[in-house]
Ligand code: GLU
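Quick setup: one chain, the form predicted on its own, written in structure tokens, and binding and motion questions come after.
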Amino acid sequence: MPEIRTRFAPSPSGFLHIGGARTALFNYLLARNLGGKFVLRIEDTDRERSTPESIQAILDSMEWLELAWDEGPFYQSERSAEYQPYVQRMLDSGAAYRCTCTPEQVDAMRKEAKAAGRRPGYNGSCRNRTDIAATDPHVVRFRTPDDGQTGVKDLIRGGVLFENTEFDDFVICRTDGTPTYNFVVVVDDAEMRITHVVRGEDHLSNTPKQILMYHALDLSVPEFAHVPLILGTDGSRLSKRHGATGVTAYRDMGYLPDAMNNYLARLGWSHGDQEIFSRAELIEHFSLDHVGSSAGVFDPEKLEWVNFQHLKELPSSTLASEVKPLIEERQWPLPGDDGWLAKAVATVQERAKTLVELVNSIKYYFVDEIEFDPKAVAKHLAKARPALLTDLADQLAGVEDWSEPNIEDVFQYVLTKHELKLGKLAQPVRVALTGGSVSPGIFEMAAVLGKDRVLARLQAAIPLAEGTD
């Protein structure tokens, strides 16, 4: 049994989109599940569209998703010398031939065929010529069979047959000597000993051409698996109009890499009814046998829910490490150490759906001066009695061991003394301490804020209280 070897081979013409990330993930999981190798290859032969920025965006996305490759990244642009011997092998065996037809002539052939009701394509006019020298300007075309079928044994879709008459004698090497996509993919996958080609179904039409070339070069044909497309919620192919489609955009919005991998894996793959998977569980259970052939629908709300499930299970110390860069970006002072930060984020860990939402919801922990929500002030703080807040502040000032239980005891004392229910005190205090009417539990939040800041904020809020009841 040969070593299982998968590959992810993106073209660097933009960011790594959601569909590409899922393809990378499936290849990574398959290799890890079967104890094989995962190869990263950058297919940058399109010089006009490939950019260093796009390459870096792909690498950044892969690293954020923690899809660690075992070999690579390899760059097709650096492998040009590897391809010419294979072109020559094709020419020597008669599997390919030189063609001097210009693009204008080929276009005329296609128009003529279409006008005659035939399938538009190259008519093979140079197929049997023997007078074209290697020094003449020419392309190299693959000689496709005149009849018969080429079958694709797809591990997801089953057997798919293609009529060979549907294929032109396609170009494998351009006039300037650069090889074309379908040809270099065959050479690269063969030389890198790829055993499983897992890619999007939009590549299925390329597969029979590639299989024909594998046979012509007497190379082993890998296993193929074409995963279905990802659609938007409206049923059309996923695009920018459905929201962010670049992976790094979700990183910047505060999603966790394990949550994104979990969600992408479930877009087409299943393991019973389980929805939430750790990375280890994905690796343990993944197989192509359970990848469906139906298109997946990208649902941002479901992704948010999956992220929420992962986020609330993180150890608070790990979560603190995740949000610390976001706090630094906002240039908020950090009033405590990492242990304090872990306590702060733990107060909202089971409420926030993303890291960004979490950080933005606890700004009051970091800034010296809070911003009051006028509606919250009018609804809660303005209706509180100044004497009530003053009494609470005086009692809290006497607390030596500033802890959640002791803070709660003071609240209960003041409530009993003034014959009030918790809501009559907690809500105005919440506004006084945070500026708004939504926060974690009042006692745990006050404990994290610290005695000095709680007392200072209560004193600053007392003048806003005008209640008399």
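In this text, residue numbers run from 1 along the sequence as written. Everything quoted here is computed from the prediction, not taken from an experiment.
There is another form of the same protein, the form predicted together with glutamic acid; it is not shown, and what comes next is about it.
- Interface residue remark: residue 153 is not counted as part of the site for glutamic acid in the model of the complex, having no heavy atom within 4.5 Å.
- Interface residue remark: residue 196 is not counted as part of the site for glutamic acid in the model of the complex, having no heavy atom within 4.5 Å.
- Among residues of the shown chain, residue 21 is not one whose heavy atoms approach glutamic acid to within 4.5 Å in the model of the complex.
- Within 4.5 Å of any heavy atom of glutamic acid in the model of the complex lies no heavy atom of residue 446.
- The stretch from 142-150, 180-188, 260-268, 276-284 that comes within 4.5 Å of glutamic acid in the model of the complex, counting heavy atoms only, is 180-188.
- In terms of contact with glutamic acid in the model of the complex, the residue from 25, 454, 461, 9 that brings a heavy atom within 4.5 Å is 9.
- 203 is the sole member of 215, 203, 343, 127 with a non-hydrogen atom within 4.5 Å of glutamic acid in the model of the complex.
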